[in-house]
Ligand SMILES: Cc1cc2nc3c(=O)[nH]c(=O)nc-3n(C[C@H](O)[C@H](O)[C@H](O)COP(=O)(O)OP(=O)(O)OC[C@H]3O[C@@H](n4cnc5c(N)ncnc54)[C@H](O)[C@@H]3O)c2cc1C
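The chain that follows stands alone, in the form predicted on its own, written as structure tokens.
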Amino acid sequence: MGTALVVGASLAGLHAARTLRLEGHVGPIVVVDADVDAPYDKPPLSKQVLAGEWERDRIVLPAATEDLDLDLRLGLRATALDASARTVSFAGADGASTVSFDQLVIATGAAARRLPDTAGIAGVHVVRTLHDALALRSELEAAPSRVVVIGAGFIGAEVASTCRRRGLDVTLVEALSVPLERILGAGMGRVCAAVHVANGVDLRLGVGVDHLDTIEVGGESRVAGVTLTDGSSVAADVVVVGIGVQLNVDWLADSGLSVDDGVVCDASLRAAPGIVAAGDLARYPSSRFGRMLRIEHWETAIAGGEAAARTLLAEQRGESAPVFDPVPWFWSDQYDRKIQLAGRPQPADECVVVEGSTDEFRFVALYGSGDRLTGVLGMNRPRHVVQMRMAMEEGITFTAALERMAAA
């Protein structure tokens, strides 16, 4: 069967390696990652780890401790793929190296975007890795006077929530006039904004960051505030930047693979013969939603890693690979609210609240485009989201979903 190389040891990559081994790959499986820490789960970073409730041993991925006979190599960053020669080049503390493969899983994920011209300013953080979360936690434990979170997406919202739970004053800055509008639409975005306000956050919408204000402390430059594009300033001892991610695909520039908002794959996550992609950077066609998708969700990373591995196994056996087209699903814990979204709605989709009250932050809303059910959003209504997610898997229409919820 030859050597299977998995580049990226996070959720998608590790589950791909696990599936390869457990479902029949008997050759070497080499798993390489740029992080120096043992593979870990990332959703708790902005919540339990940042809050000080969990330590690093609590978030180690179970697959990392199984006896799967994996050749795990940490602290190596992929720099180039030669698809013809079947090699990947890496750079690490000990210099450059090359690994040959027969089959390849690309799962290098994404890195946090950073504000320009902020490198080297103490007190400015992102939350993407364990190192990031622990560094920010250390600063929060010093009880700063004010934390400014830039970006009201899900990571920024969770960080703001965790900081408020610590009793800290928080200003949340969002360039859009409605947070999460591109994901949830304007109406539900306004509901999420109201959750922050109800929990004492100073929410600034429709305004960007002009620059960070700094002071010199002990010979280093440290953040002291944020000047916004409307001319106002907010004092800040700590700034957390949550303005999205940048896909780790630079190393694929001369690979011959199609890279366009991710690694472009077929319906089985195949990017080229013997090469698959999984996780945040895999972009694949969805007949369920009628367009190309790239999903940055925890459960999709697991399912995608497993599906990508099965595509390689099917190639080995000369079989047809299974189609990958699940209903995306994720959750976000903010304050005392659990927000869950199944599906992939677009901002222009129709949105109907079918149960509960948005004023009370306990509700279920359905999204539709034509008669296609595109999503279900729940706030503190997990049972309803699970039920409707299962119905989406079965292909329920928007009309039928509205009728089912009305009869419930």
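Quick note: we count residues from 1 along the sequence shown, nothing fancier. Keep in mind the model is a prediction, meaning the values are calculated, not measured.
What comes next is about the form predicted together with the named molecule, which is not displayed.
*Asks:* In the predicted complex, which of the stretches 26-34, 344-352, 52-60, 363-371 has residues with heavy atoms within 4.5 Å of the named molecule?
*Replies:* Contact criterion met by 26-34 only.
*Asks:* Quick check: do 46, 78 and 279 each get a heavy atom within 4.5 Å of the named molecule in the predicted complex?
*Replies:* Yes, all three are in contact.
*Asks:* Report the residue, out of 128, 211, 294, 165, that has at least one non-hydrogen atom within 4.5 angstroms of the named molecule in the predicted complex.
*Replies:* After the contact test, the surviving option is 128.
*Asks:* Tell me, yes or no, whether residue 158 is in contact with the named molecule in the predicted complex, where a contact means a heavy atom of each within 4.5 Å.
*Replies:* Contact check for residue 158: yes, within 4.5 Å of the named molecule in the predicted complex.
*Asks:* Even though the partner isn't displayed, in the predicted complex is residue 251 close enough to the named molecule, meaning a heavy atom within 4.5 Å?
*Replies:* Within the cut-off, so yes.
*Asks:* If you check in the predicted complex, is residue 16 within 4.5 Å of the named molecule, heavy atoms only?
*Replies:* No - in the predicted complex, heavy atoms of residue 16 and the named molecule never come within 4.5 Å of each other.
*Asks:* Is residue 180 part of the interface with the named molecule in the predicted complex - any heavy atom within 4.5 Å?
*Replies:* No.
*Asks:* Pull the contact list for 78-117: residues with a heavy atom within 4.5 Å of the named molecule in the predicted complex, in sequence order.
*Replies:* Those in contact are 78, 107, 108, 109, 110.
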